[in-house]
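In the block that follows, a single chain appears as structure tokens, in the form predicted on its own.
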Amino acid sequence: MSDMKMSTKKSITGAIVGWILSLMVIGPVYIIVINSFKTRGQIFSDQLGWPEVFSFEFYSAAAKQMSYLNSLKNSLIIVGISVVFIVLIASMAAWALARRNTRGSRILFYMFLATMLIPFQAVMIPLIQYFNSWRLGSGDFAFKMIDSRYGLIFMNIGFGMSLSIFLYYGFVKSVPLEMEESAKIDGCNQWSTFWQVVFPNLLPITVTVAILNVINYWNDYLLPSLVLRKPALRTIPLSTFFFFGEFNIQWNLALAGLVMTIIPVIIFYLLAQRYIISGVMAGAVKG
């Protein structure tokens, strides 16, 4: 009887803690969404109450001021290409490092891990100063790393590589080596072995790596603010920032812009969420 009471108390305590944690997460989202439909006067008078009228006029005004479609296009191009290259390069690199199992490969793997400990703020100024001098040609067709989408994509790939290789490295070890040996006996070279045998078995961790990098780079403000200077190249976080003026903040438009910013990531996350836990557990824990 006492065991049942203890179990009931633990269940109630767990439920209470779960509800409190849920409110801590959902609360800010509720405040952002509900206030995006209010006028500035309503926001300042009542932040938690419902708006008098649910109207999308502030969403329309925010989308126009931040050039939402152009910003969305820039974000999709930059994030999409960055994530594709990270997945391709990191998966091949992790496979090579895991299968070669030599002293040099282990040292190289630990070097990748060590770079994860270096904060971006420590290298951002030297990085921008260095790439600022990279320029070939002149005019609109000049090759330059600063103020260009491909320059930001190149940097995203570099910064996302270490964590991605770490996750892939552990997952590759769970792929039976016998499958690769059988493929070689059947006449597959290394290229065919990886893409036809190994990579299909990396689907859970591939989706996990993609999700983590999409969320990271979609919400990134600091690096794009240093690299992209032309208004036409602004990503969604950069466009949203301009609602926050030095002396005046357009809260209703800013909140509407934030809601439109997170919707694409939420959709992507919901479509692929079932792979996250399995991928991280199989990759990071085994690594």
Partner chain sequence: MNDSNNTVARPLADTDIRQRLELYKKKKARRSRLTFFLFILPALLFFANVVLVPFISGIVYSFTDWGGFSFAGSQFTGLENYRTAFSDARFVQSFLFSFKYAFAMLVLVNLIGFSLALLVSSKIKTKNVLRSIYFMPNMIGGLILGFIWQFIFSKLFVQLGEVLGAEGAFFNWIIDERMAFWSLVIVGVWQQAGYAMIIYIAGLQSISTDVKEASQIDGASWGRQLRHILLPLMVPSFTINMFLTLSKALKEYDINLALTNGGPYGTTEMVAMNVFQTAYRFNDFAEAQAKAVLFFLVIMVITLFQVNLTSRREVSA
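Throughout, rigid core stands for the largest set of C-alpha atoms superposing within 1.5 Å between the two forms. Numbering follows the first chain given and starts at 1. All values reported here derive from a predicted model rather than from experimental measurement.
The form predicted in complex with its partner chain exists for this protein as well; it is not shown, and the discussion that follows is about that form.
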- Query: Is residue 167 close to its partner chain in the predicted bound form, meaning a heavy atom pair under 4.5 Å apart or at it?
  - Reply: yes
- Message: Whether residue 183 contacts its partner chain in the predicted bound form should be assessed with a 4.5 Å heavy atom distance threshold; does it?
- Response: no
- Message: Even though the partner isn't displayed, in the predicted bound form is residue 219 close enough to its partner chain, meaning a heavy atom within 4.5 Å?
- Response: yes
- Message: When the contact criterion is heavy atoms within 4.5 Å, does residue 255 count as touching its partner chain in the predicted bound form?
- Response: yes
- Message: Where, within 98-113, is there a heavy atom within 4.5 Å of its partner chain in the predicted bound form? Residue list please.
- Response: 100, 105, 108, 110, 111, 112, 113
- Task: Determine whether the C-alpha of residue 263 shifts by 2 Å or more between this form and the one not shown once the rigid core is superposed.
- Result: no
- Message: Aligned on the rigid core, do the two forms place the Cα of residue 69 2 Å or more apart, comparing between this form and the one not shown?
- Response: no
- Query: For residue 26, is the CA shift between this form and the one not shown at least 2 Å following rigid-core superposition?
  - Reply: yes
